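In the form predicted alone, a lone chain appears below as structure tokens.
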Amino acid sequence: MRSDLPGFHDLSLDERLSLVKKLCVLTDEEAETLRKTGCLPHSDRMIENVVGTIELPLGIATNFMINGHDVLVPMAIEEPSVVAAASHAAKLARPDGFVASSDEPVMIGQIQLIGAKPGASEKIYENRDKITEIAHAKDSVLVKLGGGLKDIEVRELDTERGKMVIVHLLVNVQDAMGANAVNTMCEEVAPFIEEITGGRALLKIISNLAVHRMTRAKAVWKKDVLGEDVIEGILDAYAFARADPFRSATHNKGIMNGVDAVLVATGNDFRAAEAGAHAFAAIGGYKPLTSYWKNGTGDLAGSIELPMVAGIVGGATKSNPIAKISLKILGAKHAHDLSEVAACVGLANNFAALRAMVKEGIQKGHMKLHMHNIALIAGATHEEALKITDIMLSEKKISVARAAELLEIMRK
């Protein structure tokens, strides 16, 4: 088989699929499975070299009360127990639920200047109004909506390649994720900045470390619901994450289970959110994105703070019909609505994981769902799968073959 395929991108979807089928010896059934595009009949217009689509389960997390309002939360993820864990954590936090807030949707655009003359920073600040005028010339719609370039920051870096001047454009992107608007502004103003500084503008691109676009959420779980032993265990587990980056990485992964699932369901760039969250966690030494403590009445309080790059307009939020439906289910009217929900879900999933680990072990719930799925694959109904799961749990035998055997016995 060869992978150098001249003109592959010029072929139709069916032609590309036919070629891949031949080269990789796919069966007719495998090729047809790939060919099904589901809700994305125009997937070949979304990315390059398309031969099909891949689906993820879309679940609904229940019980969320956010800022006094009930919310149903769409979550797209392949990992068992994440949706159930978020729902249970939200249930335990009722009736008060979660309180969330977020900053203005300001993203950072970076312009890297090489070889700028002394005094470049001052020149840039002196020409702030002119830079703003140039930036706004190509995006009058964003400006009319209240967005646009709001401020400028200049940083000077000493690097292994010499001194560099880095210009930050702080752009309010309104309800978008913002990459297109920010990148365009950076490219538009770069020639003028080169002119006034004598430097050469190299990179002109958005930063995913959106420290001006922070989202926060908090919740309280009552001690009479959790039990004091569980609260103490969660606080010990949190202290472990605070002290150890190896544990903290997994702690934060559990947070992003929830955040990413919400962003994927709504057609957002979860890679940007991941990059920003982990970069923020690493400032001053890698730490958890959540905090836990006992409040004055002895209940467990938890909070989360992270940069949240999310939008409800543009990109796949419009081209993917499932993303549009998810946003409707969520009731998100503005980008901050989405980011605040995602933060609450991240906190909920983190709490649920910590509670499970200190109380019953995290594998118990995972394995039960895994065995239930195996029983369904073997052809069981939901009710039959529940019974088969209990048997396999007691036997500690987990396989499709054993599930099928138990199903046959059950149906005799």
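Sequential numbering from 1, following the sequence displayed. No experiment lies behind these values; they were computed from the predicted model shown.
The discussion below concerns the form predicted in complex with a small molecule, not included here.
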query = Of the listed stretches (254-262, 84-92, 312-320, 98-106), which one has a non-hydrogen atom within 4.5 Å of the small molecule in the predicted complex?
reply = 254-262
query = Quick one: is Leu40 in contact with the small molecule in the predicted complex, heavy atoms, 4.5 Å cut-off?
reply = no
query = So in the predicted complex, does Arg247 come within 4.5 Å of the small molecule, heavy atom to heavy atom?
reply = yes
inquiry  = Does any part of Met357 reach within 4.5 Å of the small molecule in the predicted complex? Heavy atoms only, please.
reply    = yes
ask   = Counting only non-hydrogen atoms and a 4.5 angstroms cut-off, does Ala353 reach the small molecule in the predicted complex?
value = yes
One residue of Asp236, Asp129, Glu79, Asp224 in contact with the small molecule, assessed in the predicted complex (non-hydrogen atom, 4.5 angstroms) = Glu79
